[in-house]
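The chain below stands alone and is given in structure tokens; this is the form predicted alone.
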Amino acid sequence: MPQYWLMKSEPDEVSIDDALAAPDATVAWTGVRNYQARNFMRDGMKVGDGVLFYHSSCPEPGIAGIARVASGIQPDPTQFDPKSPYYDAGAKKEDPRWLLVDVQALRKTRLLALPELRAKPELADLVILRKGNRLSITPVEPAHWKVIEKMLA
């Protein structure tokens, strides 16, 4: 049974449009530098899982598209690149600290912004809506996924 995830991306780095324009509409989800978010990728994500592609750190954050997990985990090469803003001097190639999955964009949606998500009582427990949540990757309950799909239909 597939699982569902909300994955945040700053549109200045990779937007839903960028993902759709990439070869096979697939991008490597680099730059995750939080252990809990990394562990969600490592321990929970499987190829085919559903993804809410979320634009963050922008004038109007919100769900901008639907995607899927397109690969298993791999070492994130940006951790080894001293020129990358995601470089980690403590990471070792033989024991990588940071991982990535490939994400395939399936479609762009209308922007489903935070106020609209908050207005739905059925989404009250959606992780992204919890106070203090700043994780770049969060699980989405199947019931929440269904409500969001209906909102986007």
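The structure displayed is predicted, hence computed values, not measured ones. Residue numbers run from 1 along the displayed sequence.
If you look for the form predicted together with the DNA, you will not find it shown, but the lines that follow are about it.
Taking V127, L114, L111, L106 one by one, only a single residue has any non-hydrogen atom within 4.5 Å of the DNA in the predicted complex, and it is L114.
Only one of the listed residues (T26, S84, S56, N39) places a non-hydrogen atom within 4.5 angstroms of the DNA in the predicted complex, and that residue is S56. Only one of 45 to 53, 119 to 127, 31 to 39, 64 to 72 lies within 4.5 Å of the DNA in the predicted complex by heavy atoms, and it is 31 to 39. Residue contact with the DNA in the predicted complex: L135 places a heavy atom within 4.5 Å of it.
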